[in-house]
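Presented as structure tokens, the chain that follows is alone, the form predicted on its own.
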């Protein structure tokens, strides 16, 4: 940063500190460095100022000051994202919402939770369960991600196959526009046909339109019973065929997860072979829930009748310890990949459910031709495939140069099969140059006009989603 910009940032930090209190504004290099990263592999973007807001008025004051002075602002929750969405792509202010972390209310009568954006999603789920209620969305980072980030990314998770994603549970929002205006839309109501759906616009907007400060969550009755089962298959085709058969026979598990052969082998190595069926061509991990043990038993018996697997090979967890053992392989994939290669590339494309086998096999060929090892797993029930690619011995510079062509190849293959480039992780910083592959020029221009309506000065989370978002819409190319 040049001296002029440095002096400007010192001035702005002083103005913000004067408005909201000095203890909430930090410029120490060591602290800023911690906020220069999220869970995106091999990406660091340093902010100039960190502000830890404590309430909506802090958020409003910071945004107004930054808007008046054309200072970029990047909202940040728990920093658990994997596309660089919470990193300061253009410097400026990181606006942390981690201290807005109160569960304001669990309203049992209306089955609604009212929470601040910094609450950890798993804590919401546990609080609701104590009341006999369930908040179903369960991203893999359930115990470290914040609900505000889930809303900003429209997070999914294994239980999406039965219960849906974050968008299906947001019934109200309080949010702050870049000019500091505070707006509340929706609330503790089931229906709302009043004006444009502002909630829908903010869901998945990745912090580029407004900063969310309060969330109204729809809850559902917690199931009376649940059971987890693991089924091995010789091939990925057989596993996905079984998924279709299960759903067509009117059995809707709350989770239908798959792991392909290379994922199983990697996790088996990670656990020194101590996982069920380490030599299988694919695993299906299924969670069934319902009103009673009898209803679950009926579904399990039906599953064993309609899939082509030896019933003796179906493992059903009979205790919490056994349940954890069944899930440990699936939950440990990313940890195993990190240990194998910390600079791996992570993608999360989505394709029609029946296209999963073809997508996995065609990608395997694509990577093998290039001498690369890949690990794939994900949500068989909704077609969301996590594609992780390892460097396979390549040097750092060569690996960085290779990644754009790999990403483009992955995305084009997903799109050719009727899918798209991300199912739950968003576009963020790392995928913004590929948005044109998935959306038409007209769609992208419409999104830019929405962005401009919410954020006329383009200060909010710049450098995300659009590859040219720092330009005026009239001056930038159509795609």
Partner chain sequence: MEKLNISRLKEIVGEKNVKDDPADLYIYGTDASVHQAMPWAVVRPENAGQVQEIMRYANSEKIPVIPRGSGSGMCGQTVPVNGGIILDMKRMNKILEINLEDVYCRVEPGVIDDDLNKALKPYNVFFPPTPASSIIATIGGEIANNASGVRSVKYGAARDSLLGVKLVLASGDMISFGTTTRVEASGYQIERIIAGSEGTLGVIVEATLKFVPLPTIRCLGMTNFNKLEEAGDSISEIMASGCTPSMLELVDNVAIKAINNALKLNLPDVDAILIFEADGMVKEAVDFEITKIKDICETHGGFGTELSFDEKERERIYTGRKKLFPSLSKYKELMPSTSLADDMTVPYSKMAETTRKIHEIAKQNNIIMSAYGHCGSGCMHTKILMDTTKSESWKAAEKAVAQIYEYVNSVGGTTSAEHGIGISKAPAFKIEKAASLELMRGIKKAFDPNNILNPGKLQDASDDWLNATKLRYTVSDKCE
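Numbering follows the first chain given and starts at 1. From a predicted model like this one, the values you see are computed outputs, not experimental measurements.
The protein also exists as the form predicted in complex with the partner chain; that form is not presented, and the subsequent description refers to it.
Proximity of residue 80 to the partner chain in the model of the complex: non-hydrogen atoms within 4.5 Å are absent; the residue sits far from the partner. Although the partner is absent from this view, residue 130 stays clear of the partner chain in the model of the complex, with no non-hydrogen atom inside 4.5 angstroms.
The partner chain in the model of the complex is approached by residue 424, whose closest heavy atom lies within 4.5 angstroms of it. The shortest heavy atom separation between residue 312 and the partner chain in the model of the complex exceeds 4.5 Å. The partner is absent here, but in the model of the complex a heavy atom of 186, alone among 186, 122, 276, 357, sits within 4.5 Å of the partner chain.
When you look in the model of the complex, the only residue of 363, 114, 372, 209 with a non-hydrogen atom within 4.5 Å of the partner chain is 209. The stretch among 317-325, 387-395, 152-160, 364-372 whose residues place heavy atoms within 4.5 Å of the partner chain in the model of the complex is 152-160. Looking at 341-369, the residues that come within 4.5 Å of the partner chain in the model of the complex, counting any heavy atom, are 350, 351, 352, 353, 354.
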